[in-house]
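Okay, so here's just one chain, in structure tokens, the form predicted alone.
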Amino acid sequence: MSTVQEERLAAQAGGGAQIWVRQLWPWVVAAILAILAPTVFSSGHDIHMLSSMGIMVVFALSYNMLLGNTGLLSFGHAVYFGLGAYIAMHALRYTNDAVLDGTGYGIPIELIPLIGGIAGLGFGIIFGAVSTRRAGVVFAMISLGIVGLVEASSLAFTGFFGGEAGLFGDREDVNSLFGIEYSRSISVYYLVVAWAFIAAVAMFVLRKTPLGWMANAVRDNPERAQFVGYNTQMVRFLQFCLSAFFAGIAGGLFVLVEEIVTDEAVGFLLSGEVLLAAYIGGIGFFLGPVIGAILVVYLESNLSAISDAWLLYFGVLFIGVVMFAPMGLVGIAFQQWMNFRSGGWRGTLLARGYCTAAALVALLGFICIVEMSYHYLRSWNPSQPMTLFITDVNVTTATPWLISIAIFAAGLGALLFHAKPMLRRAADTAGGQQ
């Protein structure tokens, strides 16, 4: 072999190694962060929150297989999460009885999420055979009808669903493949992390398969995909079933963390929550639903303890993303990063800082108005002073209202009439100098 050929093969090998490094380092970083997270968030509440984040990450990624990859807007994805959770709970209860009675070994706790995944796949085949015949609005309406049907059934068939009280299980009275004691929440968290990584890697690999590419083709141009010989209904059906499988895994993990499952697990609220998580994060990116899930769970766990208006903030955030950032938060970050690398930030740092400051001022005023409104309308004694950030205010007087409205108006006015034109002029000047 000649020296030139050896150098060419060495260069190809080096390029292949670089590709592997670029693909693997995000997973390595994510694994390190997940392993070290309990050292920073060490309280019982925080460990439970981290476990809930892992569950929502799997759930949101499974939903993105429909919306982001295949273009199927579902309003009832919680059906497969919840039904998988119910089957997993029955498996957990069976194992509890088997262990306590000494009649059998039962199912190892590490495999119970897989039971939920298989259940989600089974129900995905049943409901997907009907709903994936059509796409677009028809599919969305069918999914809405299915979630209503299943939620109503959860209160009617009490033998399976447990009625309004739901079903309970005990993760302590279960055998383990590795002899691990799961009475501590930190052990359950690491089990959630293990399953979350397995599911995330599997869904990432599925995106790179011919089925994943065809799902994108069906999403972008179903007529052309059908014209070249692909069965678009079968592609939608397969993606739907696989999505239901991973949603069922998330439901099985939910059972191990909460040790209870109720009708809320198959309801409209959870279906809307996973839609929020996926869309806010960014359905066009694999990382988008991950970031969205972490953000939604964090706000739900902490913001709800701080403010009664947390649902209103959720709604405003979702509306803002839909109207001004349809690519999601990850899409914004990616767009700005590419703009920065291409030199688009040159000469605009001052204007960007001014825009950010104006937006924060407007946000401060908006939060003040909302919090005072909730206190005035919902408090049993509105004249009692409330703590607003670092000061106590009386919402029955005009002064705090005038100050809050002035702050909001000043920030919004500066953003719309001064900061944005300033940023545009700075960008035009920087572009003219290149």
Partner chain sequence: MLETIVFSLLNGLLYGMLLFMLSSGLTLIFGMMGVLNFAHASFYMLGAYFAYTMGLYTGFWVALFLAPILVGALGALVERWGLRHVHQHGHVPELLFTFGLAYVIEELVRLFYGTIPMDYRMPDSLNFPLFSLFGTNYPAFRVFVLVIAVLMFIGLFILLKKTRAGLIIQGSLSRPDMVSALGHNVPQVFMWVFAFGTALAALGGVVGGIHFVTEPGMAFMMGPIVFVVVVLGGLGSIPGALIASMIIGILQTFVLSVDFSIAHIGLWFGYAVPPDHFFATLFYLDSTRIAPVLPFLILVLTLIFRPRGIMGKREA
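Quantities reported herein were computed from a predicted structural model and do not represent experimental measurements. Numbering follows the first chain given and starts at 1.
Omitted from view is the form predicted together with the partner chain, to which the following refers.
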item: Contact label in the predicted bound form: Ala152 to the partner chain, heavy atom within 4.5 Å; value: yes
item: Non-hydrogen atom contact Leu295 with the partner chain in the predicted bound form at 4.5 angstroms; value: no
item: Contact label in the predicted bound form: Phe245 to the partner chain, heavy atom within 4.5 Å; value: no
item: Distance check, Phe240 to the partner chain in the predicted bound form, heavy atom within 4.5 Å; value: no
item: Which of 155 to 163, 174 to 182, 111 to 119, 76 to 84 sits within 4.5 Å of the partner chain in the predicted bound form, heavy atom basis; value: 155 to 163
item: Listed residue (Ala359, Leu100, Leu144, Leu299) with a non-hydrogen atom within 4.5 angstroms of the partner chain in the predicted bound form; value: Leu144
item: Answer option from Val137, Leu349, Met338, Ala305, heavy atom within 4.5 Å of the partner chain in the predicted bound form; value: Val137
